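We begin with a single chain expressed as C-alpha cells, specifically the form predicted alone.
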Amino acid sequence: MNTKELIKKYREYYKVNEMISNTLSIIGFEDETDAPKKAHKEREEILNYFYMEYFKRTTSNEYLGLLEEMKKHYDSLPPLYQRAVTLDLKDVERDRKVPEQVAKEAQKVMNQSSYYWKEAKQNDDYSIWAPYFKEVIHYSKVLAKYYGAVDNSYYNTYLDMYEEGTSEKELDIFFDKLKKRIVPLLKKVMNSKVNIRTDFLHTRVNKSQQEKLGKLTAKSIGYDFSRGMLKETEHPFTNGLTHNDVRITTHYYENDWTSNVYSCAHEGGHGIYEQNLNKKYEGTSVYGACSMAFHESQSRFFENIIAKNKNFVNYIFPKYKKIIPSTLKDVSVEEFYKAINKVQPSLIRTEADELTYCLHIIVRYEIEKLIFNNDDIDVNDLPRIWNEKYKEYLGITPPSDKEGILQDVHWSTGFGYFFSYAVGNAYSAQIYHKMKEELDVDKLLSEGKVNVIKDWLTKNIYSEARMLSPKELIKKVTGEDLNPDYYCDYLENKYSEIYELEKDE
C-alpha cells in the first residue's frame, strides 16, 4: 500500500476504535450520574464486553501490522500521522504484552471497585471497599509487570502513561521544591493576624439556586453549553467525547455552596480544553489533551487563577448576588474575594485552598510510591498511613475514612494520576506568567472578557493537541522547561497581599 492508502485504512480502523471508546464513556457517564442504581450489574456486563472488544481491536495483529507498515513509510507520512504512529505503537506494543484473560479480569475488578468505592464513601465504611481496593492494587502491579518497568520502576510505568517522559526521580525533585517554599509560606499565613469572614459560605443554598450559580460560572469562563451539559455525581469529573459533546459534572452541598461553584469552574476548565481542541486532528490519536497534567493545568487555571482572581470576582459577584440575594445581602465583594481564598488546612482535597492543595497531592504521591515499592503492603493499614501523613503535612487528622482515604475516586481504578494536579498547578502559573506578557489579563477579567484569554490558550495550547510531548509544549509556550518557581511566586504574591505579609528580601 502507498502512503495515501495506509492513511485511509488507519483512519477507518481508528474510527471504530473511537466509537467503542465513546460507547464506554457514555455508559460510564450514565453510571456515575442518572442511571438507575439497581441496573449497575447489567451496565457492568456491558462495560466489560465493550472494553474487551476495544482491547482486542487495539492489540490485534491487524492493527499492529498496519502501524508497523506505516512506520516503514514514516519519512513520507505527514507530521500528523508520524506523531499518531509514534503514540499508537507505544500503546499497542505495551498493551499486547497483557494476556487477554488478565486484561478481562483486571477490567472487571476496576468496574466493581468503582461501584463499591461509591457505596463505601456514602456509608463511611472502608471495609466495603477494602477487598476491591486490594484487588486493584494486585492487578495494577500485575499489569505493570506485563507492561514492563521504566528505568527499573513499575511506578514510572504508570507515571509515563499520564505524562510522557515523567519519572519518579523528577517528581521527587519537583515536590521537594514545592515543600521548601509552600510550608514556610503556610506557617506565615497561619500566624497572620488578619481575620477573614466566611459565615456566608456556609448558609443554606438550595440545589436549584446552586445549579444557576454553577452554570453561570462555567459559562462565564468560556464553557459552551450548546456543546455540553452539567450533571450531578458523587465525585465531579469531565467526559469529552468530541468537541461537540463535552460533559461536566458537579456535586451539591447545601451548606457549602461555593464547593459547587468552583467545581464547575474546575470541570469547566477541563471542558474548555476538550471543546477547543484542533479539529484537524480528529480521527487520530493526536486528537486530545497533551497530557493529564496539561489537562489539570487548565482545570486549576480556570478554577483558581481565573475564577478566584480579584478582578474576575469584581465582575461576577453582582451576578451571584442576584441569584442568592439573601445569602450575600450584607457581604462586600472584598469579603467574598478573601473568603473564597482563605487558607485553612482541611481534610478534603477538592475543597482545599490553593496554598495547601499541593500538600494533599504529596500525601497521595507518597502513598502511591509506598504501595508500588512494597509487595507486602496491607490494604487495612492504608487508612492509618493516610491519617498519619495528613497529621504530618497539614496538622490535622481525618475523623472518618469518608473524609480520609475514601474521599477520592481515583484509586478505585488504578494509580499514577494524582501528581498531575500538582504539575498542572505549576504549568498553569508558568503559562499565566507568559500570558500576562502578551495580554492585559486583569483588565480582561474585570470586564468579563474571558473569551480573549480562552482564545490565547486555544492558539498556544489547545490547538497543539498531542502533537508535542508535555516537555516540548511547555517550552514552546513559555520558552523554558517546567519551573515550579512561577507557581510558588504566584502563591507568595497572592497570599502576602491577602494576609498582609512582609515579603522576604
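All values derive from a computational prediction rather than experimental measurement. Numbers follow the displayed sequence, beginning with 1.
The next section is about a form of this same protein that is not shown, the form predicted together with a further copy of the same chain.
*Asks:* Is there a heavy atom of residue 43 lying 4.5 Å or less from a heavy atom of a further copy of the same chain in the model of the complex?
*Replies:* Yes, residue 43 is a contact residue.
*Asks:* Closest heavy atom of residue 37 to a further copy of the same chain in the model of the complex, within 4.5 Å or not?
*Replies:* Yes, residue 37 sits close enough to a further copy of the same chain in the model of the complex that at least one of its heavy atoms falls within 4.5 Å.
*Asks:* Using a 4.5 Å heavy atom cut-off, state whether residue 229 contacts a further copy of the same chain in the model of the complex.
*Replies:* Because a heavy atom of residue 229 falls inside 4.5 Å of a further copy of the same chain in the model of the complex, the answer is yes.
*Asks:* Can residue 125 be called a contact residue for a further copy of the same chain in the model of the complex at 4.5 Å between heavy atoms?
*Replies:* No, no contact at 4.5 Å.
*Asks:* Which is the contacting stretch out of 358-366, 127-135, 237-245, 301-309, given heavy atoms within 4.5 Å of a further copy of the same chain in the model of the complex?
*Replies:* It is 237-245 that comes within 4.5 Å of the partner.
*Asks:* Which one, 27, 452, 64, 52, lies within 4.5 Å of a further copy of the same chain in the model of the complex by heavy atoms?
*Replies:* It is 27.
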